[in-house]
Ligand code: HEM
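First, one chain by itself: the form predicted on its own, in structure tokens.
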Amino acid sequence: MQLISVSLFCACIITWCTVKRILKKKKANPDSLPYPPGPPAKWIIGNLLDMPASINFKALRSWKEKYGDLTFMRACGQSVLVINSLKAAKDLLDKRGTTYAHRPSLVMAGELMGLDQSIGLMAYCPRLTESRRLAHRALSNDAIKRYTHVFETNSILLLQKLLDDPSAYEKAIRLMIGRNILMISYGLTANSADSEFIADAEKVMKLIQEAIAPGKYLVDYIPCLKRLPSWMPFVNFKREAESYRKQITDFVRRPFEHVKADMHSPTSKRQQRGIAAPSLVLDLLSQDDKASKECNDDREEIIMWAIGSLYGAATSTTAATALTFVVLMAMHPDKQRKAQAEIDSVTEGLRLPTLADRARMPYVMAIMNEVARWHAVVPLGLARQTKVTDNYNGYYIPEDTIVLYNLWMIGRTEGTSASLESFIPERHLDGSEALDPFSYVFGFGRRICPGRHLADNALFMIYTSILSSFTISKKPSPSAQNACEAGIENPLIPEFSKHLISFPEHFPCDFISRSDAAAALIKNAFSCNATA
């Protein structure tokens, strides 16, 4: 009798929980709208095996081809929505900005490692609004024009590095981009990729990318694990988080404090010269910001994290784009020669390119657009999360759905021109392509990346500087060389990493100086730079 009572009680509890869940779902979706289309769910695990743990380019393509504008997946109580079209992205992320402005909560990277203070992972709140306001002000087109000399000076260092060791082109490009950010953000310089700030930044970015990788840490799926004491066995993640948090905080705080000390120390060498190295941090700290209200008390902390977030956001994506450009130039020598001819017509071979040449180099600008379109270096964007239910085109989107946007496939299928799988810069010149890739590759709505102008200037100087002085060519592997000697065509096909930021895998290239005069220009400019 007692056994029957217990069984009846358990059945009642299960029934009550089931009914409650059905009623809650009915209340959230009163019209019983269907979920957006997606892969068929499997019993118990749902779409667990379909969810993107890493970038799968075949899956990105199939989602668009099979399911259209939206792809929906659900597993373990978590919904994931992938937006596959530009129209749907603008409708949801731009026009319904408040609903889609949130980030998924990452316990390890955000809460335990402290990255929830950075612009990229911060929750949607007044502090984020203030951080983004400061970032947009510091990185506006007019503000960035003040640092023209930084981009041009660092491009000379890039060329000298390529002249000294062409095989280390990846390292040289990363160094230039890192120098740009350090000099613009903090007024700091770095002369090698192994310098203190550059090396620290690379380490920090590596551990951040590992920490935000899906499935890396169980605590992201079972948040209550964060309450376990760090001395317990099998709680290595807490000890790692403590170490990583210190590294990240030191990296963000050290250059910031360097600028503050430089501003206030009467014995500073720069103060003695009567010169303060211009930087974004210096500008923001020097301004009497009356627009800041409730966040004014911790304004310095906000500035520190807003500018500190730049290094990770700008260096990795800009480097991935620049290295993709290198690969594409090696694969398309005809496009490379056309760009070089345009640059030569402007500089006449007597000087290196400058940012002032942009308006006179439409083909280079077309190459910039086409590189950005052909391979979106953040293929699925940075994840968003809904905080309320929504419906779109007759489909129901649940609360707390993680939202990704398929930028890679948008670039391969959207637009007004033909042959979108091919690399054709001319499409941006002849009027056949009306869609500007830079209108979507930096994101959408209230989370759009504020660093477009910084990246735009850096990429223009990288592209024009390299093409003015070097010819990039494919370096075939031994097997490809043997095939070529045997008369068999064996084209090199680039591979791209499947991480949040997608880099081209190492692609062996030759950087060949275009002439003795081109090499002399580099050496002379570098010598003048060193003595300035």
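All residue numbers refer to positions in the sequence shown, first residue = 1. In this text, all values refer to a predicted model and were calculated from it rather than measured experimentally.
Not on display, but discussed next: the form predicted together with this ligand.
Using a 4.5 Å heavy atom cut-off, state whether residue 317 contacts this ligand in the model of the complex.
Because a heavy atom of residue 317 falls inside 4.5 Å of this ligand in the model of the complex, the answer is yes.
Taking any heavy atom pair closer than or equal to 4.5 Å as contact, tell me whether residue 120 reaches this ligand in the model of the complex.
Output for residue 120 is yes: heavy atoms within 4.5 Å of this ligand.
Evaluate residue 442 for contact with this ligand in the model of the complex, applying a 4.5 angstroms cut-off between non-hydrogen atoms, and reply yes or no.
Residue-level check for residue 442: yes, a contact with this ligand.
I'd like to know whether residue 405 contacts this ligand in the model of the complex, with contact meaning heavy atoms within 4.5 angstroms.
Heavy-atom contact with this ligand at 4.5 Å: present for residue 405.
Using heavy atoms only and a 4.5 Å cut-off, decide whether all three of 181, 310 and 377 touch this ligand in the model of the complex.
Every residue of the candidate spot has a heavy atom within 4.5 Å of this ligand in the model of the complex.
Counting any non-hydrogen atom inside 4.5 Å, which residue from 73, 331, 323, 449 sits next to this ligand in the model of the complex?
Flagged contact: 449.
Of the residues 428, 103, 412, 238, which one places a heavy atom within 4.5 Å of this ligand in the model of the complex?
If I apply the 4.5 Å criterion carefully, the residue I get is 103.
Heavy atoms, 4.5 Å, this ligand in the model of the complex: which of 166-174, 453-461, 247-255, 353-361 makes the cut? Say which one.
It is the stretch 453-461.
Scan 383-398 and write down, in order along the chain, each residue with a heavy atom lying within 4.5 Å of this ligand in the model of the complex.
Read in sequence order, the lone residue that approaches this ligand (within 4.5 Å, in the model of the complex) is 384.
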